[in-house]
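Coming up is one lone chain in structure tokens, specifically the form predicted on its own.
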Amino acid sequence: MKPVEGIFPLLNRNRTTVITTHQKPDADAMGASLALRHLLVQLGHTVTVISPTNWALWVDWMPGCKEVLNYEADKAKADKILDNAEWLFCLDFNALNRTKTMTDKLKQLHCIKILIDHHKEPDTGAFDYGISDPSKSSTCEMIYDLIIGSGYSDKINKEISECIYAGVVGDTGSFRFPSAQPAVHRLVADLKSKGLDHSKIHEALYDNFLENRLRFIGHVLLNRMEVFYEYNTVLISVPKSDLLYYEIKTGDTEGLVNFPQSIRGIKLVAIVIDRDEERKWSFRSKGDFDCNAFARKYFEGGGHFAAAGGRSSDPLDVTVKKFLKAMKENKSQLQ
């Protein structure tokens, strides 16, 4: 994989370009995709953003989101666009299999593939150009760096600012995580100087849910949360029946894993949700516990040091037992 700077001199040449990201895109994934789209359109490219799956309603407000294609819902149209692509930007994932049902299609393409991501252990062999920098707060921060580094800071308009800020806020936990380094705050200051209304973005991301989600969260914290003080660990296990009863949709469980971090002394929070096709894990940690290594070792996952995800094909009760065993095996690190 060649350095991403290799494409900078080529950005102002019109190309048929596709931008994609991981399944169930969050604020960072969607924000980075749309911010890059707004830049490339200004530079004369023909651009389509294709999401592997649907996405949460609380990112639907982002400028340009209405034009994003859902691959699962419109596969024939998306495949035709992909077949004609000259450039494929892959944002906020480190391996093609993170795109779910798009994986095989993307592997077959012969266009130029460009990776921009901040997760560990990227599959560099799958991409022609790219950058993978786990020290970055978000892929949105990396898109901002790309715009500045390529000499197009004058192209940062209202739409780009809103998309970038949303992703940075989402992936830094509203600037609480260690990844919110000085460069992140300088980025925000620059966007504010360009007219960004940051309070509008916070409302769109965090004050944009239905009543049922709040009642679901209350139910889960009261009835599904276990605290293991001897391991400084919290486990939340959510059965499928809860999702159905509270009519939980894509994105409604976002941020749930963060609530137990407010308990004094807790070093690891784990939440597992019983989805139709698999059990999805999310992990958050404080201190010196490595979520990324834990997720990779036990749950076919990965991510960042303090925030990672995983999966399991086992039934809910079986994967929970596996977690409890793994928790005990890591007692020394958790204490």
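Note that residue numbering begins at 1 and tracks the sequence as displayed. Predicted model only: the values in this text are computed from it and were never measured.
Omitted here: the form predicted together with a small molecule. The next part is about that form.
Participant: Going by heavy atom distances of 4.5 angstroms or less, which of 224, 119, 113, 105 would be at the interface with the small molecule in the predicted complex?
Facilitator: Going through each option in turn, the one that passes is 119.
Participant: Out of 294-302, 63-71, 49-57, 33-41, where are the residues with a heavy atom within 4.5 Å of the small molecule in the predicted complex?
Facilitator: Result for this chain: 294-302.
Participant: Quick one: does residue 285 come within 4.5 Å of the small molecule in the predicted complex, counting heavy atoms only?
Facilitator: Residue 285 lies outside the contact set for the small molecule.
Participant: Does residue 307 reach the small molecule in the predicted complex, with heavy atoms at most 4.5 Å apart?
Facilitator: Within the cut-off, so yes.
Participant: With the partner left out here, check for me: in the predicted complex, does some heavy atom of residue 213 sit within 4.5 Å of the small molecule?
Facilitator: Flag for residue 213 set to no.
Participant: Would residue 267 count as touching the small molecule in the predicted complex under a 4.5 Å heavy atom rule?
Facilitator: Taking the distances in the predicted complex, the answer for residue 267 is no, it never comes within 4.5 Å of the small molecule.
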